[in-house]
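Form predicted alone, single chain, as structure tokens, below.
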Amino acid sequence: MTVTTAPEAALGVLPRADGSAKYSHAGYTVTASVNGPIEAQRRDEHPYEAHVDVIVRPAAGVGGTRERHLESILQSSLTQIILVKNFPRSLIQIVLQVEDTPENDYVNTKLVQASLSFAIMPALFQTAVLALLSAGVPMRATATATAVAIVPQDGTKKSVVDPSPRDVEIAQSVHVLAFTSHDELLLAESEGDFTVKEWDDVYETAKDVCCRPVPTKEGMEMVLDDEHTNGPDLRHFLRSTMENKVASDLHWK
């Protein structure tokens, strides 16, 4: 499978949802729909804030423990940036459908499915944020996420941004970090063995990808993937995606 280096996104792809988005990056393609705030069922009601319900559907088959774990992590993170206290006794439902995943040419992907949950988490998180923006759900900040793996190579260790399934399989550790638009750490999930210094290096690498200052160049000279930096510029990507959507909606037809 050909893995794209630059992320791609489309907003408003599902006409019957309040907001929707389709996001593709690092071999993963995810479509999300957002509905709400809507009336919550009595069991989900909270007297002072909205309940955020996240549903993850795999590309094939029925969701299991892996999907429930991803839903729990995403729900906790997204609740922190959504202004849930503005909508008491309400429900905000986010449905994430995994459409495509990169193939591992070396091993059966079913054998490493548990480890792959870390690699797909940034795509799920980014799609959910884009869908929330498409739905106009009030948030205190936007957020971006990336995955970093520490992979042994020729007797040394290197940090790999957006690792492939093969990188995840041989990695010493895999990390997923998300940052808000205020440069605050929102999510940090790690798996494997690593030292404090290695985690610090991962933190700086992920922060560079998620919190890189917006380029000051004008016109088409701005690029998402600079050869002198690690990974794509996710903050600029998120901003340019929304700017293009607003420009398209306001275009006089």
Partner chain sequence: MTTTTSRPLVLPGDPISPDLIPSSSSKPLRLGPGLRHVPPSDIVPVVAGQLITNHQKNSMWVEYNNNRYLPTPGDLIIAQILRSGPDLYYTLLSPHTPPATLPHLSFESATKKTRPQLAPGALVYARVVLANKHMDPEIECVSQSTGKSDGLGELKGGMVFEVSLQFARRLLMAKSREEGKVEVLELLGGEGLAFEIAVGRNGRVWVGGEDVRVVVAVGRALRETDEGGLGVEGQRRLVRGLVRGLK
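Just so you know, these numbers come straight off a predicted model, no measurement behind them. Positions refer to the first chain, counted from 1.
What comes next is about the form predicted in complex with the partner chain, which is not displayed.
Notebook entry, point to check: Within a 4.5 Å heavy atom cut-off, is A6 in contact with the partner chain in the model of the complex?
Noted result: Because no heavy atom of A6 falls inside 4.5 Å of the partner chain in the model of the complex, the answer is no.
Item checked: Partner proximity in the model of the complex: I38 to the partner chain, non-hydrogen atom cutoff 4.5 Å -> Yes - in the model of the complex, heavy atoms of I38 and the partner chain come within 4.5 Å of each other.
Check: Can you check whether V95 is within 4.5 Å of the partner chain in the model of the complex, heavy atom basis?
Finding: Because no heavy atom of V95 falls inside 4.5 Å of the partner chain in the model of the complex, the answer is no.
Checklist line | Contact of M139 with the partner chain in the model of the complex (heavy atom, 4.5 Å) | finding: The answer is yes: M139 has a heavy atom within 4.5 Å of the partner chain.
Next item on the list: Could you tell me which of 177-185, 119-127, 95-103, 151-159 sits within 4.5 Å of the partner chain in the model of the complex, going by non-hydrogen atoms?
Entry: Among the candidates, contact is made by 177-185.
Checklist line | Heavy atom contacts to the partner chain in the model of the complex at 4.5 Å, residues of 65-90 in sequence order | finding: Those in contact are L83, K85, N86, F87, P88, R89.
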